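The chain that follows stands alone, in the form predicted on its own, written as structure tokens.
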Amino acid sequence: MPINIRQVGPCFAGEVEGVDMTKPLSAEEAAAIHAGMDEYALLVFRGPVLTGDQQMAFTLSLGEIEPPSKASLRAKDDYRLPDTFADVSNLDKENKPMARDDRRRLFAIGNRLWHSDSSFKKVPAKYSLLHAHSVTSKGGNTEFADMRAAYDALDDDTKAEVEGLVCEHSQIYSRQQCGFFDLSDVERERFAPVRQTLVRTHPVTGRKSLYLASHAGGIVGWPVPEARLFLRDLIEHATQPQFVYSHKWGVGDLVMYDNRQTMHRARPFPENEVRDMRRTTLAGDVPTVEQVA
């Protein structure tokens, strides 16, 4: 069956038919998926719940995975999944929902802020592949914003202003926005800020996009209050309804999104229900700017 992609979002996002996710992609299928990502920036696959090995094989068919890193507050002996997966669930090691005041949960709900995966790493991620094992009775949608369309809609003066700007990204900044300050010195060192360009150009299509995230807490050379207000205005602009696709999850769904061209956020759901989401992540190629110590 040939691969077919139909647009489901307002200006991006496509749903894929004709792919068996339980098997590694052929070279031809992988090429079609990459082309679809270049065009739509986000692809939805409907399918069965995959084993960890199946999701990893599907991911590796598209490129190298991002090296494991500690982007959460889960201790190593608390891991529920292999460290090659990001555990985007509300579950502890015993597969039970974390308590409402659990420090790990409170850090993780920062994902309800608009962000791009791994923008706080020197080499930010390429694609994320988020797979639903269990969904809640209500809520829990994930919203995605097309940062290409958002850039295109800027006026000429703002396009000139954002060109060449460099931002500092850290999970410290994003968690402070929701009132989470409970980080140890070791954790603060681990989440030390990195620099990312504010405007990115896609290496294949040549389209420019805004590279925004709640992790961005400053602009190099700008006073912090002015930078944060400017970035907040840009995020408000980029997340207008005409740029946003909201995905209502079904069990077995896999959503692949290009972190270079999109931003996303999780929406609230009943905290006592199980939401089991597992993410594999494709590595980016190079830093967006040269990192300065």
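In case it trips you up, residue 1 is the first one in the sequence shown, and so on. Computed from a predicted model, the values in this text were never measured in an experiment.
Another form, the form predicted in complex with N-oxalylglycine, is not on view; read the next lines as being about it.
Quick one: does R260 come within 4.5 Å of N-oxalylglycine in the predicted bound form, counting heavy atoms only?
Contact check for R260: no, nothing within 4.5 Å of N-oxalylglycine in the predicted bound form.
According to a 4.5 angstroms non-hydrogen atom cut-off, is M37 in contact with N-oxalylglycine in the predicted bound form?
Outside the cut-off, so no.
May I ask you to check whether S170 falls inside a 4.5 Å heavy atom distance of N-oxalylglycine in the predicted bound form?
Looking in the predicted bound form, residue contacts with N-oxalylglycine do not include S170, since no heavy atom lies within 4.5 Å.
Taking the shortest heavy atom distance, is D117 within 4.5 Å of N-oxalylglycine in the predicted bound form?
The answer is yes: D117 has a heavy atom within 4.5 Å of N-oxalylglycine.
Of the options N141, Q176, T158, S134, which one has a non-hydrogen atom that comes within 4.5 Å of N-oxalylglycine in the predicted bound form?
Spelling it out, the residue with a heavy atom inside the cut-off is N141.
Contact assignment for N-oxalylglycine in the predicted bound form, among L130, V194, L106, L73, heavy atom within 4.5 Å:
It is L130.
Within 4.5 Å of N-oxalylglycine in the predicted bound form, do we find a heavy atom from each of V88, N111 and H264?
Yes, because V88, N111 and H264 each have a heavy atom that approaches N-oxalylglycine to within 4.5 Å in the predicted bound form.
N-oxalylglycine in the predicted bound form: contacting segment from 197 to 205, 76 to 84, 141 to 149, 182 to 190, heavy atom within 4.5 Å
One stretch meets the cut-off, namely 141 to 149.
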